[in-house]
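A single chain comes next, written as structure tokens; it is the form predicted on its own.
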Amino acid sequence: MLEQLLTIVNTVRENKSLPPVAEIKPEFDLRTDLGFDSLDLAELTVRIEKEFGVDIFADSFVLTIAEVMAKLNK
């Protein structure tokens, strides 16, 4: 799952001309560590929902990779 999430994160980063990250850690903040803005978070949500069938923002806002993973593990 982490490898799939890394691929999705890097796709979103690539779409905004940011270099890929080699790894993602649970403590990474989506905005400050990965450079995502609200449009990037929307794209991330759509891509995660397509890949995993889970809307990570359905019942609350997520700020970190750990929170994304927690939603995917439910």
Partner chain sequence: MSDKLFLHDYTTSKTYTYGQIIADLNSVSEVYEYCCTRDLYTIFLNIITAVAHNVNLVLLDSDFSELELQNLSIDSSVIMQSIPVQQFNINSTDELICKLQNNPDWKLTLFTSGTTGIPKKVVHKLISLTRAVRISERHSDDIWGFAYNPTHIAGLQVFFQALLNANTLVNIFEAERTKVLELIKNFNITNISATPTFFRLLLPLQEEYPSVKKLTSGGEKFDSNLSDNLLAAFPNAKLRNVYASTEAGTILEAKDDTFSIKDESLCMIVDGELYIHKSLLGEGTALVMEDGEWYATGDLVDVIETNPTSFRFQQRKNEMINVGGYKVNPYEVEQALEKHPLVKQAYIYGKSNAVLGNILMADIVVTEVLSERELREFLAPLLQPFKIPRIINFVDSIELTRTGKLKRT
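Everything numeric here is computed off the predicted structure, so don't read it as measured data. Positions refer to the first chain, counted from 1.
The protein also exists as the form predicted in complex with its partner chain; that form is not presented, and the subsequent description refers to it.
For the three marked residues, Thr7, Ala66 and Asn73, no heavy atom of any sits within 4.5 Å of its partner chain in the model of the complex.
Using a 4.5 Å cutoff between non-hydrogen atoms, Asp59 counts as a contact of its partner chain in the model of the complex. Under a 4.5 angstroms non-hydrogen atom cutoff, its partner chain in the model of the complex lacks Glu23 among its neighbouring residues. Using a 4.5 Å cutoff between non-hydrogen atoms, Leu34 does not count as a contact of its partner chain in the model of the complex. The shortest heavy atom separation between Glu51 and its partner chain in the model of the complex exceeds 4.5 Å.
Interface residues of 29-45, taken as those with a heavy atom within 4.5 Å of its partner chain in the model of the complex (partner not displayed): Arg31, Thr32, Ser38, Leu39, Asp40, Leu41, Ala42, Glu43, Thr45, in sequence order.
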